[in-house]
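Here you get one chain, nothing else, as structure tokens; it is the form predicted alone.
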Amino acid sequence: MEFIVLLKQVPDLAEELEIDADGTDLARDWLSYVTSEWDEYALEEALQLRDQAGGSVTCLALDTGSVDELLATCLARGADRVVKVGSFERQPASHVAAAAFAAALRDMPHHLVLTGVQAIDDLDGQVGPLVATLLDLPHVSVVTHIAVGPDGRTATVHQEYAGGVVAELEVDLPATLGVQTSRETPRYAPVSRVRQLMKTMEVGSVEVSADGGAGLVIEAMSVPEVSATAEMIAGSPDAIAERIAAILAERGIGKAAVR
């Protein structure tokens, strides 16, 4: 079976983030990037499925000029092949990313296309559904378990809902899945191995022309306002209740409630 994993780089939240001069994006000149956490789950799940069902795992990433380490890490973790898609100055919006991935996948054999359910820098979770729409494939998101059928034509997946509810669905293959978590913690890739692969790895390249539309448009960004420190209320239940009532009254809440 052919397993495809779509990966994305996102800003490293361990670094200090600043807003650019226009107030519509992060200042990216000095940003460090890491692989999206949910995409790492998707890769681990693909590797687990390959080891069970046979086949190969191919990792795709949009070429933003700085994805070699990401792709080398995929190989160090066990991927069979890595491919750069298109050429972009920076990570594009979800609609453009999906159009680029879909264009590459049209000429690439695939049974299961896995990607993270979302990414920290947009949280819209649209790449998987959009790729599925463009390729006319079924899609399931928020997936927490995948089992390929013995005939290789279907897969049983678990989809997570709020309140601990889980649905079990059967999906025809080929299909795209948005992975919420993997059955195992993503495997460790030794830094020395990643560095070695960056010098010797063979990276496929797919040129695409992708125009997916604007998608989400950020009109403004701002740093969260600093609020006053919390007041810790100690004492007996009666004393605590009296203090809470006094605070509400000071803010006009208690008086409004009485009226």
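None of the values given here were measured: they were computed from a predicted structure. Heads up: residue numbers just count along the shown sequence, starting at 1.
Omitted here: the form predicted in complex with a small molecule. The next part is about that form.
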| property | result |
| --- | --- |
| L112, T144 and D172 all contacting the small molecule in the predicted bound form, non-hydrogen atom within 4.5 Å | no |
| Distance check, L62 to the small molecule in the predicted bound form, heavy atom within 4.5 Å | yes |
| Any non-hydrogen atom of D122 within 4.5 angstroms of the small molecule in the predicted bound form | yes |
| E45: touches the small molecule in the predicted bound form, heavy atom cutoff 4.5 angstroms | no |
| Proximity of Q159 to the small molecule in the predicted bound form, heavy atoms at 4.5 Å | no |
| Options 184-192, 151-159, 102-110, 122-130; stretch whose heavy atom lies within 4.5 Å of the small molecule in the predicted bound form | 122-130 |
